[in-house]
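Okay, so here's just one chain, in structure tokens, the form predicted on its own.
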Amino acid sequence: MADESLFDFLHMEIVSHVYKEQQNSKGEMDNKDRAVCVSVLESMGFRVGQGLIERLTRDSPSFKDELDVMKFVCKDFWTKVFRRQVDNLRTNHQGTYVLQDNKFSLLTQLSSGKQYLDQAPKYLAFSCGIVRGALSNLGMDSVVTAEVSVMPSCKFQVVIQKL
């Protein structure tokens, strides 16, 4: 229980710090500055995701295919990182996956409903990076985006880049 709170608070402070640093250097923030903050948070998450998946798959057998990797991410990896499994995994069998979490742990502290909907993207950038970093270490280059229509429900869209 304490570990969960520590991670939640650390995440909120990291987001706050990145945004304050950008604002202190520029004064007023515009869309370009916000994009820089999102990029910084996403790259931090990328590195964390790489390290976590390396540790979690150390004793696992190799995966058969792309869908097998995504199932592992949705069940085992998601549980270790966000303390619950993904509620729903959908795919078009052409490299696009949608992971839905109806009680995403990093958004439950903010609000329920639509009150802070405009603040949600900055709290999702790190998580998108974690997923992208994990998939990268499993040999899958991807683009991960997140969308929120009602908090704390969140949909992550993963598009696998074909070489």
Partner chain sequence: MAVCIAVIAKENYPLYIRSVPTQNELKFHYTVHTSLDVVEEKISAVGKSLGDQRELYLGLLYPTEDYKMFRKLHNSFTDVMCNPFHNPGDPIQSKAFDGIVSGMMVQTG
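Numbering follows the first chain given and starts at 1. Because the structure is a prediction, the values reported are computed rather than measured.
Below, we refer to the form predicted together with the partner chain, which is not included among the displayed structures.
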{"query": "Contact residue in the predicted bound form, chosen from 108, 31, 94, 62 - any heavy atom within 4.5 Å of the partner chain", "finding": "62"}
{"query": "4.5 Å heavy atom contact, residue 118 to the partner chain in the predicted bound form", "finding": "no"}
{"query": "Contact of residue 136 with the partner chain in the predicted bound form (heavy atom, 4.5 Å)", "finding": "yes"}
{"query": "Distance check, residue 54 to the partner chain in the predicted bound form, heavy atom within 4.5 Å", "finding": "yes"}
{"query": "Residue 58, heavy atom within 4.5 angstroms of the partner chain in the predicted bound form", "finding": "yes"}
{"query": "Partner contacts for 12-49, taking the partner chain in the predicted bound form and a 4.5 Å heavy atom cut-off", "finding": "47"}
